[in-house]
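The chain below stands alone and is given as structure tokens, in the form predicted on its own.
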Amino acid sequence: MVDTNRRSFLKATGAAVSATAIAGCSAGPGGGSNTLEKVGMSAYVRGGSWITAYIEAAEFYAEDLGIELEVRPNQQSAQKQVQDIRDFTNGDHDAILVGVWSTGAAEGAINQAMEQGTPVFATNADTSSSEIPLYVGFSNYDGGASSAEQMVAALEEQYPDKDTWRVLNVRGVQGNQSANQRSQGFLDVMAENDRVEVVQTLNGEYARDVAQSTVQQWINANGRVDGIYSGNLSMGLGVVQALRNQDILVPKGEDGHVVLTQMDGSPEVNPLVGEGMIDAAVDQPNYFYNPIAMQYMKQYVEAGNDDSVIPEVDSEVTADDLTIESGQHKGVEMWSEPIWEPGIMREQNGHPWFRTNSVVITQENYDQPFLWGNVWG
């Protein structure tokens, strides 16, 4: 718990001392006078439909709450993100939202912000800092596992008489934590099924063009497979184009259909699911991440930076416990469908993790208005 008066003192003096160094020099925390008025946000990049939805939802929700939100895209630069966090800390921001680009690089700046009394909440991509009050995001591992389960079900339907199904795993950047987890979740489920042979894992580098060329070259050299899993929407679209270029892209149920599952829906992905080209996409409730974080951030700051407002680890949170008020944005009643629930509280990197649910997009629901890809399409 950190006192706001102490934080104000630090900001006013620009002191580079830690809160620990002056512990005991201020009155007790809380008192009901603390308010969340200005928040700094450091996110990956501007551009791209997924990130656009993620950032714009934060801007819309902050507007609804009467909070000034300053968004700084880090352009995939860990150095710039560190500097932006330090600028927010030493400025007049009451709190900071971060989608961490480089886990280790940001830890020092995040810890400094926490020590100086500017709370940092992480969304979408976690920090290794154990000091933050909360991280909000879904489970990349579970997303990969769910994609694998969808693939097995689709293979059973498409090729019930085959003894063995040959599949490809197209993963993201080697060494990236999210990419590792998404790939491992897929592989672990597949390893439990004797009928599945993962013939190769290809590195699509989270890029559409790389996935397209890599998969196309692999099929040219090795022949077709029964199924392909892609670790994000860009690589999934690259795989679709690779099959189209090979003239083997046909909808499910037709002879020769290659079962496709992937992470993420999008304005381009959802119609392909509806056409049966993609069998299933495991989607994140990305436009809820920052509103959920801001709800708890507001309570945290107003309580005098009191972490008792954060739900306890191992508890379950539903819409009965957490209200994200809907609002009119982009022609829809945004946040009206709590697709994030239930949220399961876990511990990750030494801090609480609000693990949201995910949504499996199929032909039955691909056109629903609660999918971000249909709102931002």
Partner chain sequence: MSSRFGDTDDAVLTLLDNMIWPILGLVILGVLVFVPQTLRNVRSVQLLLWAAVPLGLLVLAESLCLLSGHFDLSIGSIAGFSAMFTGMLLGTCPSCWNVVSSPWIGFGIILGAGALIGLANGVMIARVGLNPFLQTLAFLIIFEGAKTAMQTQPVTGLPALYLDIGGTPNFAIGVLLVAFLAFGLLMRFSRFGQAVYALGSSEKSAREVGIDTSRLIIVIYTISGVLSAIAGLMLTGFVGVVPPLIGEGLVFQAFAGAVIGGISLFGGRGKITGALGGVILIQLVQSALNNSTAVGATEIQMINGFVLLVAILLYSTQSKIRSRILASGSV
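Numbering follows the first chain given and starts at 1. For clarity, every value in this text was computed on a predicted model and none was experimentally measured.
The next section is about a form of this same protein that is not shown, the form predicted together with its partner chain.
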{"item": "Selected contact from Q299, N193, Q241, S128, since only one has a non-hydrogen atom within 4.5 angstroms of its partner chain in the predicted bound form", "value": "Q241"}
{"item": "Partner-contacting position among A280, I219, M277, L155 - heavy atom within 4.5 Å of its partner chain in the predicted bound form", "value": "I219"}
{"item": "Interface membership of D209, its partner chain in the predicted bound form, 4.5 Å heavy atom rule", "value": "yes"}
{"item": "Q200: touches its partner chain in the predicted bound form, heavy atom cutoff 4.5 angstroms", "value": "yes"}
{"item": "Heavy atom of Q79 within 4.5 Å of its partner chain in the predicted bound form", "value": "no"}
{"item": "Proximity of D87 to its partner chain in the predicted bound form, heavy atoms at 4.5 Å", "value": "no"}
{"item": "Joint contact, S213, N245 and G377 to its partner chain in the predicted bound form, by non-hydrogen atom at 4.5 Å", "value": "yes"}
{"item": "Interface stretch in the predicted bound form with its partner chain - options 136 to 144, 285 to 293, 245 to 253, 114 to 122, non-hydrogen atom within 4.5 Å", "value": "245 to 253"}
